[in-house]
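First structure 1, then structure 2: two forms of the same chain, each alone, as structure tokens.
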Structure 1
Amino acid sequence: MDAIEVNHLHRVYRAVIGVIRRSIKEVVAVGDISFAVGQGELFGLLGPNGAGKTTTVKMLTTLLIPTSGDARVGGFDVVKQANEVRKRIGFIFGGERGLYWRLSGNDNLRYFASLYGVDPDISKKRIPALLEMVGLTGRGNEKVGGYSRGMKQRLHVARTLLHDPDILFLDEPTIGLDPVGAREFRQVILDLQSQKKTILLTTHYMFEADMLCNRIAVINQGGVIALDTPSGLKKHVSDLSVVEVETFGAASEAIEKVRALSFVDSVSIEEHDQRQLLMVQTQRGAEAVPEVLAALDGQRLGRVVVREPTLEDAYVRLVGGNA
């Protein structure tokens, strides 16, 4: 039995627009999504903003009723057997909300333990152990309102493990964490996987997905457009290589010129304070370099590197971006 089975999930939101002349607009958040996650698998859900990731996670965590289609989590139907599902899952929607800020970390955990019906004898031992696991030892007595954002997110991890669920849904859990915190967080995720937990993870950090996930579904505009292992996804772009050019304040016309080159597949730009990193995807490999540099003539350039494609390159091609 798969831990998570999703069959043609579909969800439409009705939004009322306007105050006086009210009209109803329908937004298809999830068009038609199907996939299955095996027991103990760490499964990634990637896709651009508004692709329907959170909506999918909400339906799988019993917080939203699908418009049509169905899904089973831990073998139970997410609508008809919602309570059975809830007993077996933990979930986090990224960010710092969703905790009682006026209460201490310990009190928050105690309350959620009682909501999950955890025996007090067990929660008395488990709460300190979880606080230690997420690096909040000694801070449990402080009010959550005084926690930093990262601390609140760590507390969310502890919260969601109180009842020792088999299946975890983590929607952008590392959003807004500092690099060290995010790294620790990824280690926590790996530890959880080694405890045989099934994890569904959404993230916008491609290296994170590459490093953590066994398989990845890329969704766009409410549908699955690719589903494979990270290396399998990279094969989509194995014909490509990437010319990385460091520029300092390159003019957008120059970048457009690069984009217009016939052998250039796409160009994405990473902004760093003073400099930009142009990532030019092309099938020509190193031979493309002279013409790319010619197109950038007159711009201040730094390092130029030709490298193998990454998951991010595969993603960019899949979602069709000249991002």
Structure 2
Amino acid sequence: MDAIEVNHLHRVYRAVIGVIRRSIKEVVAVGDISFAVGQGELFGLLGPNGAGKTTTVKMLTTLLIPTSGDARVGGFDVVKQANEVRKRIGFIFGGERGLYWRLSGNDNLRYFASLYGVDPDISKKRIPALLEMVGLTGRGNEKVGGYSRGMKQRLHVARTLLHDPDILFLDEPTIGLDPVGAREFRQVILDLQSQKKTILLTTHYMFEADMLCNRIAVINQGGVIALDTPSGLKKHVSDLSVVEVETFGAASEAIEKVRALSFVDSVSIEEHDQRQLLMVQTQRGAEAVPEVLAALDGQRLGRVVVREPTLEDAYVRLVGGNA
């Protein structure tokens, strides 16, 4: 039996529009999603903002009721057997919500242990072990308000594991963390998987998904458009190379000229303070560089690199990322 089974899950929101002449508009958050996650698997959900990742997680954690379709978590229906599902799951949403900052780390964990119905004798032994596991040994008596963001996120993990759930949902858990904190948190995730926990992870960081996940589902516009291992997804761009061009305030007209080149598959842009990084996907490799630079004539340019495609490049091709 799979740890998570999702069958044609669908969720529609109804929004009231207008003041005098009101009308109801239906917004499809999740269109038709199906996938399964095996026992002990670390499974990733990738997709642009608004694709339906968080809505899917909220339905699987019983926080939202599906409009149609069904899902089972730990063998239990998320609607008809919601209480059984809740006993077996833990979830972490990105950010700093869900902790009491005026209490110490230990007091937070004791409080949540009582909410989870954990026997006090068990929680007394479990809390120090969890603090050690997440790297907060010796910090449990400090108020959470004095913790760094990374420490708060690690305390979230300890809180989530108080009742020893088999299945974990991590919704963008490293968002906003500094590089050191994010690296430490990724190690915590790997440690959890080594304990045979089933983990469903959503993230916007492609390198993170590539490093952590056994399989990945890419969703866009409310549906699954690809499902494979990270290496399998990269095969979608095995025919491409990527030309990276560093620019400084390049005009939109010049970027459109690059997009219009017949041999260009797609162009995506990363903003880095005063500079931009243009990533041009093309089958021509280094041969494309002269014409790309000619299209950018008159712009301030920095380094130019030709590299092999990554999981991020596969993601851009799959979701149609000309942005």
Partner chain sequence: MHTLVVNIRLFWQGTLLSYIALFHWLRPVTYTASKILMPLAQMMFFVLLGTYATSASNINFYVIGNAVQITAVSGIFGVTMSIGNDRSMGTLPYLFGTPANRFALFFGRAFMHVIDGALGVVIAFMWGVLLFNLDLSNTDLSALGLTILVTTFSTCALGLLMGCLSLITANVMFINNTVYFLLLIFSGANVALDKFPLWMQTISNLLPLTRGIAASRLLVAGSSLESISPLLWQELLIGVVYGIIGYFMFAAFETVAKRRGTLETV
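For numbering, take structure 1's sequence and count from 1. What you see is a predicted model, and the numbers here were worked out from it, not measured in a lab. Definition used throughout: the rigid core is the maximal C-alpha set that superposes within 1.5 Å between two forms.
- Note that the form predicted alone is the one shown as structure 2, not structure 1.
- Superposed on the core, the two forms barely differ at I225: its CA moves less than 2 Å between structures 1 and 2.
- Relative to the superposed core, G105 undergoes a Cα shift of 2 Å or more between structures 1 and 2.
- Once both forms are overlaid on the rigid core, the distance between the two CA positions of L190 between structures 1 and 2 is under 2 angstroms.
- The shift recorded for the CA atom of I20 between structures 1 and 2 is 4.2 Å, with superposition on the rigid core.
- A C-alpha shift of 2.4 Å is found for L131 between structures 1 and 2, based on superposition of the rigid core.
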